[in-house]
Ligand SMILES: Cc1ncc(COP(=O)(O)O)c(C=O)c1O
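First comes one chain, alone, set out as structure tokens in the form predicted on its own.
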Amino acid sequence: MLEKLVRKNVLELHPYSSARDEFMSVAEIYLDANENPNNWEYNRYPDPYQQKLKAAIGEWRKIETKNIFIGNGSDEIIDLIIRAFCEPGIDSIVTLNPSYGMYKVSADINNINFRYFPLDENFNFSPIQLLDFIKPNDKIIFICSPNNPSGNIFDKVNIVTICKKFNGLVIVDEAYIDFAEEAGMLSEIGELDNLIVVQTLSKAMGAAGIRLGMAFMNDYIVKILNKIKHSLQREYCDPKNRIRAR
């Protein structure tokens, strides 16, 4: 199912790959990246897969590293998901209302139609009514839980129902999960292929300046997002004149 959701051009994308991607050990001399050869804290390009960081996060959140994706804040993760799965001018996104405003901003940047499903007077929703609201071109549902700005966490059973019935991706934004008494959705990652849980160090951890977002998902989706991120952010060599761009 997941492969059918990915945009065709993303599936066919051949991401840039450097020698550092292909050589995972430690060398005495590096000649591949035009880096300063004098070792100090910042002279080397970092590990593009953030393996040490993912290992620490995996131990903390009790999840396998293959299911972890790291972003420059959770906003980058939201944008990359939309780029990977939504066809501009064709597909659409649904979120609850009121909720976090960045979902619509990212949708607008990527020319994706955006639709709001209104919460009831208790800032809650019926999964049956939400599923009835869904249209064929809806590719993603964003659920912020605990919700921003209402602060309530949504029933886990209702979110699982949405995941099982919806033929798209369900993104559960858990930026405030560490303030909640109830458990979040991480335990469902292995059971629900279309579920993505997004978290951040910016809120409960008080580390907004780090700009570190974490997303937990099926490892196939991790690979798809890595294809895009590496193509956008890693340095590349022009094959015509061998000039390295940045």
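Throughout, we count residues from 1 along the sequence that is shown. These numbers come from a predicted model, not from an experiment.
Below: the form predicted in complex with this ligand, not depicted.
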| property | result |
| --- | --- |
| Which of 59 to 67, 217 to 225, 184 to 192, 203 to 211 sits within 4.5 Å of this ligand in the predicted bound form, heavy atom basis | 203 to 211 |
| Contact residue in the predicted bound form, from F114, F133, F123, Y100 (heavy atom within 4.5 Å of this ligand) | Y100 |
| This ligand: the contacting residue among S92, N158, N148, N110 in the predicted bound form [heavy atom, 4.5 Å] | N148 |
| Close approach of D75 to this ligand in the predicted bound form, 4.5 Å, heavy atom | yes |
| 4.5 Å heavy atom contact, C144 to this ligand in the predicted bound form | yes |
| Residue contact check: Y176 to this ligand in the predicted bound form, 4.5 Å heavy atom | yes |
